[in-house]
Structures are given as C-alpha cells and as structure tokens.
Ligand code: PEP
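Quick setup: one chain, the form predicted alone, written in structure tokens, and binding and motion questions come after.
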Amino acid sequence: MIVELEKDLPPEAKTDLILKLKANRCDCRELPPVAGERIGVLGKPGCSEEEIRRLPGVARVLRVKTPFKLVGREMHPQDTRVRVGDVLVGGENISVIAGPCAVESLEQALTIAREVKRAGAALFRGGAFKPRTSPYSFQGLEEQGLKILAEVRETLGIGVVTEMTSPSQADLMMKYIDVVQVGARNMQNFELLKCVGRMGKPVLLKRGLSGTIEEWLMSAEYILAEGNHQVILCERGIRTFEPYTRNTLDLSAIPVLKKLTHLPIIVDPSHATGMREKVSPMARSAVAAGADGLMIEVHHDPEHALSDGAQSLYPQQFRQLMRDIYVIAPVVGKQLDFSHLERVRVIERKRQNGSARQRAGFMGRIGTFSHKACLQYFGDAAEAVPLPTFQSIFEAIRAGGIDYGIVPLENSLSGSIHENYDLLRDYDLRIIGEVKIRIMQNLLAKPGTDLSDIRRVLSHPQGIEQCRQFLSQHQWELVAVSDTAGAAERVSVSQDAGEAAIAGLITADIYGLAVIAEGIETNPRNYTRFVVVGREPIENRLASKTSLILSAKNEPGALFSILQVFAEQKINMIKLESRPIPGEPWRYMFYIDIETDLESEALSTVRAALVDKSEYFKVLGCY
C-alpha cells in the first residue's frame, strides 16, 4: 500500500512514523514524491490498513492493485533512467548495446567494439558464460572472457554488458563488468535475481522464453526488493508455434510495459528473429513502438563465429541500421545523437576538474518543447534552467549565470524565429550545437474529463494555430498564454472542469493531466530546430555545419559573387534567407547555412573571400 504523508510534515515526525510502521512489522520504502511525500508498505503488514491510517502524520492510505509493487507506476510514476557510467538508458535518447554473442578473443572483441562504437553504440555486449541448449556447444571463455571485456572498456572507454548464470559468479562480475545481464533461461531463477539485486550493479533482465509480462515484472520485483532499482527490461521474443523465426518478437509488450512500469525497456531483435536479414526491420519497428534502446549482435566475421553467427549483423549493416534509427527516433519524440556521449564526458570532466555543474537555460518553464530539447541535448549532464525570455538567456550566458542556452531557430512549417537570429547577431556568443525535435500537440485535461466536457482551451498562440483543423471541429473558447507548459499548469490547478490545454506529452506527466486527444496538430511534419548557444564549443572536433550572417554590397551581382564562392569550392548551401536590417529600410541581411567547417584552416582563403565580397560578415557558429 501507499501511505501519503500530511503536507509539510516535519522530518522528525516522518522518522517517528517510519519507526512506528517498522515496529508493526511493516516493510517500509520511501517513494518518489508526487503531490507530496509518500511511503510504500510492502508485503503483509503487522497492523491493519485502518490502524495505519490513524497514525500521526498519515494523510491517506492507498492500496496498490498490481502484484508488482516497486516495479509498478502506482508507487513510482516517474520514468527510471538507468545510469551506466556516462550512459543513461531511458529518457530522451535511444541507447544501443552492440557486440558479438560471445567473446572469442581479445582481437575479435576489440575489432567489433571499435566498429560498433564508431557507429554510435553506447555499450558493448559479449558473452563470457554461455548457457547453451547442447552441452557440447561453445560455453564461453568464462573469467578469461570477462578479462577481455574489461580490457575493451579500458582501451576504448565503452561500458560492457555480459550474462551472469550463477550466484557463484558475483565476485567476478563485480570485478570486471558494468551491466549484469540475466538471460531468458534464468528469468525465474529467484536466487540469481536476489543475488544481482544485492550486487547493486545495473541489471539487464531478459524476458523468459515463455514468460508472461506479469511474470517478467514479478522477476524484476525480486531485484528491486533487494534494493537495486537500476533494472533494464529486455524483450527478446517468446516461444510460439511459428517456425519461420527463432522466436516471436512481442512488440506489443513495449506500449504495455510503458503503462505498467517505470523501468526502461530495450529490445533484442537478434535473438527474437535468429536471422540476420530480419534484425534491422525489427529493430526499426521497436524504436517506432517506443523502445528506449536496442541490443544488437554484430560480428566482423559471422560465418566463423563460435555462437549465433547467423543472426549477427556485419559492421556495415549495423552502421546503416544506426542511420535508420537516427531518422526514425525524432518521429516518436526521441533521438539517436552520435556525439551525445562525448559531449557528456567533456562536461563531466570539467566538473571533476573543479568546475561547478554546468547549467543550460531555456525559455519558458519545465515541460515546454524548449525544455524537451534541452533534455535531449544535455541529458542530465547539465542542469536545465528555465528563464522568462530569449534575451534573458543570452544575458545570463554573458553574465556567467549559465553556461549554455538552447533556443529555437526555425520551424519546418512557420519558418525562422527572427528574434533569435537578431540576438545571435547582437551578442558575442556562438552556436555550438543543434537538435531537432518533432512538435506533437495533444489535448490535455484533468483525469476523468471527457471531450464533451471541454469548453475552454489554453495554449501558446503557435500551439493553437498548429491545431487549427482539430479545433475547428469544436465550439471552444481559445485562450492564448505564454507557453504550452504554462497552459497545462493553469489547467492542473483550475477549479473549472471544462478547461483543457494544448501541450506536449511531457507536460501531462509533470502536471498530472490526462491525454484526451493525442497528435492533434494539423501537419504531422512539424519539427523545430533548436540551437545551443555558448561562449565556446563543448567538444574539440571538426564541425560539419556553419551558420553565418552577411550583407551584400549595394552593387549588381553582389549576392551572386558571394554564392559563387560556395559553388567554386563545392560547398553545399542548405539555407539562404533574407532579413531586413533593423533601422535601415529596404536593406537586407542574409542568413546562410553551409555544410562545412568554415573556420577550419583549410578554408581560410574561402573565409577571406567571403569577407572581401561582403559589406558585413559574421560567423554565428561552426558545429
């Protein structure tokens, strides 16, 4: 059951309450706060629900209906993000774990690890203890295999995942491994589950060959009950009557689990299909279904692999799959950012060298699309700081109050946000990165509200305009507010049951609202490009894109001569837009984006030519 505490209960009163519950043989766990502080009571308590309700400091007692308590969303409504070094599994970024089925040698492991890391994999997998159907099959290199995995981590700086088959291997796993995998055959090996729960390392729990979703979650409950909340669920297909694939991949489990549990869910299409040509289609489908990550088997020479070569992708196939995921992820509100890990590591090194935690500002409040863009770009490496205006972001960076800012620069439907181009021109700051997110609008209201109950809809003017076709079907009063999250917040505290908000899904979780209608924007191809602004680049690497502003001289062919520089150097221009020069009627500046690092030494002559042919010239950033 869930024990909700009285508002503003003093810490000493809370401690007394927990001691009284424990004295009555209650297994108490502190839960993440929702509207207030809460305590979870597990198992069968030594006192009745009514007796608990009468204890000082108790506001309300709620029964948890599901058999899985710690795993379920009733006790833990917020999504869990499992940290493995610099990698966060869950949240805004797709995490890909890749590598061979089995570790065969140091040379083999390093060769494959270099390939998958270069392609964007976040973690490296490889089996050292291999439970096989036949006792005569290759069983793994055991401790030698673990040592190889540890050397891969030290050499390449990538976390390693491997399967643990027995509690007797716990000490070895603690010594060599970052993530402990519990395989499908051991999903209900309860002694093993309790053991990995006590180890405290992140655990990847695979679904059993014939395990139901409830049985799977109850297995996860064993691990959480031992105090380890760092659990990743892995769907790897279940055994059915169908012989054309190794197993049947249950993609429907992903949305089901998203409703039932806060734990992240990844998918292993390699073991699900058992066939190389089926792996990529199922991986793409898993991302589209909402998976937080993938586990993919990759081998540079699968024909001679000692285990599961037939389902292992070649490195080039894996690279193509990662490119496909990069395109698909934004459609479902996530991203696969190839440079995210390096960016996080650079920021973390600054903190370890004595710097304060980095701060990134965005306009609006928690739950806006700008906040989502900030989370996608930085994860939890930088503190997200809400600020009231775009200009306040630039001022805060200049004054040293924050390190970075994230601002929208253009929308695929409504075009450029000129205010931010003007701020980039006026302030001595640079674009150091970008992130594109899909703008999905949703109708949100208090739980229990029906579409017929709604009389008034609140949102940012742009949110209202983007949903004009849906709104035209109803006779509702439309109220413009400063941002979409502000609309959701107002609805959450309103006494009027007829109010609703148009906002992103993230705000529904933050403000406790129900989704009345999902994806109500008129045009689904609605993306916003956000840029990250700072004083200097985060990563020291060659840029692939340059943004600049210039004005052409007032003479015939002036703009043509500037563009001719790009053509002669075979530099691809991907944006050209004119903008009136403030205070100078009928004169214009040009925003230009090109696909190259214009500030590289190799392009110094190109840069000089552009400066010479322009009346005004400024590089906004290379990123």
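What you see is a predicted model; the values in this text were computed from it and never measured. When you see a residue number, it is the position in the sequence shown, counting from 1.
The form predicted in complex with this ligand is left out here; the points below concern that form.
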Could you spot which one of Thr507, Ser459, Gln441, Gln181 gets a heavy atom to within 4.5 Å of this ligand in the model of the complex? Gln181
Answer key, this ligand contact in the model of the complex at 4.5 Å (heavy atoms) among Glu521, Glu115, Glu489, Glu163: the residue is Glu163
Among 273 to 281, 182 to 190, 441 to 449, 475 to 483, which stretch sits within 4.5 Å of this ligand in the model of the complex, heavy atoms only? 182 to 190
Mark Pro131 yes when one of its heavy atoms lies within 4.5 Å of a heavy atom of this ligand in the model of the complex, and no otherwise. yes
Considering non-hydrogen atoms and a 4.5 Å limit, does this ligand approach Lys206 in the model of the complex? yes
Look up in the model of the complex whether Arg236 has a non-hydrogen atom within 4.5 angstroms of this ligand, and give yes or no. yes
Report whether the minimum heavy atom distance between His299 and this ligand in the model of the complex is within 4.5 Å. no
Of 457 to 484, which residues get within 4.5 Å of this ligand in the model of the complex if you count heavy atoms? none
